[in-house]
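Form predicted alone, single chain, as structure tokens, below.
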């Protein structure tokens, strides 16, 4: 088997074996990323460009808004390399970008960029200043008008500092989230992350409804994707959430909305797919987050690493750096269940890195 089961059964993925997927990349900026040492998902002082560069690279195999692909200060390249490598070896039916509040628009042509007139959300320690209900409604409406190009859709994300806003979101909604959320750092800045979340929680009170809390300390990607999931429920279309603890937070938002608004989720049409770097991460616990859902969810981790790579930089992934993002886990599982060998993906990533 080319994946580990985190939750649920293998039936969902096996039903997709040999089928084609479209990729949606949800991109946004939260100014929380400007807090020093909180995130290394990109180039220091240019973290706001990371989702733009990721969108450019997975679509056209080059970055145009900066000279180099997004990488950490220690040189670890963006997981967009992994997603692009899979696409070159077994192409997605289509790649579309969701602009959920970017500082800089991707410089690409001939690829659909969906704009929702959203601006970057603010630093959550000061109040995120999001109209969460409006963002949620836009997610629902997009899903209701969504015309799938393939057998199923892979929904990915690129949001620097997104695990911190995801943790704040979960805690504001009453979930146990301490030490459950991952980090782009190998040695996660847990004390800093905790302090940021505690400062953000000061902007909420228990009497607030779900949308008021989300407006104060979440991010556009989490809220929009929760709307997209619920808006897609009226169809039979299957959806893979490609990501780690940020996508788990999206599901927790869905869970809280269902508790508040009523209704049930037909979760058999949804799965979360991530990397084994997230599944095995000792500084986070994605299963503990998923176990707090009122509905059953299928969740999987790709059996893939860089142990066979000749690149010392890529091997840092196996030591706990970067871990996930830009749909890497979902892309890997898509490739592996469609016959790609892990070694061929490693070689393609190396070619892209040193091109």
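Owing to the predicted nature of the structure, the values given are computational and were not obtained by experimental measurement. Positions refer to the first chain, counted from 1.
The form predicted together with a further copy of the same chain exists for this protein as well; it is not shown, and the discussion that follows is about that form.
Using a 4.5 Å heavy atom cut-off, indicate which stretch of 53 to 61, 31 to 39, 316 to 324, 286 to 294 touches a further copy of the same chain in the predicted complex.
Of the stretches listed, the one contacting the partner is 53 to 61.
Which listed residue (141, 89, 258, 104) meets the criterion of a heavy atom within 4.5 Å of a further copy of the same chain in the predicted complex?
By the 4.5 Å criterion, the partner-contacting residue is 89.
So which of 194, 204, 94, 119 reaches within 4.5 angstroms of a further copy of the same chain in the predicted complex, heavy atom to heavy atom?
Selected residue: 94.
So in the predicted complex, does residue 111 come within 4.5 Å of a further copy of the same chain, heavy atom to heavy atom?
Answer yes; at least one heavy atom of residue 111 falls within 4.5 Å of a further copy of the same chain in the predicted complex.
So, in the predicted complex, is residue 213 in contact with a further copy of the same chain at a 4.5 angstroms heavy atom limit?
It does not: once a further copy of the same chain is placed as it appears in the predicted complex, residue 213 has no heavy atom within 4.5 Å of it.
Which residues, if any, of 138 to 154 lie within 4.5 Å of a further copy of the same chain in the predicted complex when only heavy atoms count?
Result: empty, none.
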